[in-house]
Every structure is written in C-alpha cells, then in structure tokens.
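So this first bit is one chain, no partners, the form predicted alone, shown in structure tokens.
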C-alpha cells in the first residue's frame, strides 16, 4: 500500500487550505503577472539586468576532493554559478491573509531546493542563492498565497502589521512601502523591501475581496473566521503532542 502524506490535521476549510498549499503536487493558482525585473526591484539586492555577484568560482572550476554526497545531490543553478546568498521576507496580516509565517516555511521546504526558511514573530524569511531566490520569489508573489493588501514584502521595520487594517483594508506598514491607488484600485510598491525609494513603481494587482480571503485563508483566527477551538480534530492533535512532550520531559519509565 502506497504511503499518502498527511500534511496537516483538521476538519475545517482552514485545514484543507493548509493541506493544499503544503502539498508540493498541488500547483499554486496564479492570480497575477509580475515580471522578473519587478521581482529584482522589490528585493533590492542588485540592479535589474546586472550580473549576479558571486561568493565563489563556479563549481565546474573548483578542484574539490572526491565526495559521494556531491555525486548524489544535484546543485541548483545558483550553486553551480557560485551566486551569493540573498533573501526575501514576507509578513502576513492575521486578518485572513492567504498564508502565514509558519505555513510559508513549511511549504517552501516542500516545494523548493537549496534554501533556508525562517519564521520569526509575524514574519517569514527565505534565504538562498540569488538566481534561485528570484525564481522562488516570483512563484511566492504571483500565486494564491500572496494578497496585495494582506501580504507585505518587508526586509526591515516589519512591526505593527497585525495590529490593524486601514480603512481601505490595507495592512499597516510604517515605512509605506506599498500604497493603494484610489483611482485604479491597484496596489503598487513605491519602495523596495528595505524601504529604499524605487524609480519605477511595481504594481502587484488589486486586493482580493473579503469573501475570497476567508475562503483561501490558512490562518486560524476566531475574530475573523475559524478559530483553533472550532477544529476538534486539530485540538485533539495539539493536545496529544503537548501531552507527549510533557511526559517525555519527565522521562517516564513506561
């Protein structure tokens, strides 16, 4: 009998959404077009069209000793070229954002190679070789796990995003990296992730409506949707994990 991965417990639509985005066989729905140039501008690591700075010579030019692991693992394009390590960091509103920090780290681990995800307080970072990062970032920004209003690309001064939404439904950003164009309804970035002003605005499309956000959210939040206690299967799973951790801490004989 073939093993079927169980990505997440739960019987609510939030749990269903988590299982969907965590499954690498599920193709994330594309909801906006964003160019390679725009991704480079948003991250701010290099000028669009410039060569990739390197941290070491290409692997093909290095005289490394024989290693069985090196034969087993195929390097990514960035590793082959010797690219330096760079990052993109996301923050997600707790008000029905389509994704959130811990789920981002898990789904990136399942879907991408050669990268290091990290979850902090209300934000999530992914680090890897620069050209690989740009490819991964494009998928993360152009698909269903990114909303123009409830998801932000922020490399610095992240805090405050989960405290409130603006009257227009936009997530708070002290640095005002992205703004809503009142005439077109399109969100545009006027600064890159580390708050440097952009010469060219980067448009990321219109925010999704509340109905779509509630249907696609991966966040348990009792005030705006489904709370953790509303999912009996998830509560049972969490209690089991907590119980086993406590018992292991006391090192029971049985």
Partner chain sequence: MTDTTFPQVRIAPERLLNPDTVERILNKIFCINGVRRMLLNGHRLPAIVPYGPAKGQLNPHEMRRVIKVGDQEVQLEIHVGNIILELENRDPIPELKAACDEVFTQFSYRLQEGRFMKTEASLVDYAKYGPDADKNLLGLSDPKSRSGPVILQGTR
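Being a predicted model, the structure only gives us computed values, none of them experimental. Numbering follows the first chain given and starts at 1.
There is also a form predicted together with its partner chain; it is not shown, and the following applies to it.
Partner contact region in the predicted complex: 196 to 204, out of 196 to 204, 47 to 55, 60 to 68, 33 to 41, criterion any non-hydrogen atom within 4.5 Å of its partner chain. Site annotation in the predicted complex: the residue of 120, 85, 163, 73 reaching within 4.5 Å of its partner chain with a heavy atom is 163. Proximity to its partner chain in the predicted complex, defined as a heavy atom within 4.5 Å, holds among 179, 79, 115, 94 only for 179.
Of the heavy atoms in residue 106, none are within 4.5 Å of its partner chain in the predicted complex.
Taking the partner from elsewhere, residue 110 is found to have every heavy atom lying beyond 4.5 Å of its partner chain in the predicted complex. In the predicted complex, none of the heavy atoms of residue 216 sits within 4.5 Å of a heavy atom of its partner chain. In the predicted complex, no heavy atom of residue 125 sits within 4.5 Å of its partner chain. Taken together, the three residues 159, 169 and 173 all lie with some non-hydrogen atom within 4.5 angstroms of its partner chain in the predicted complex.
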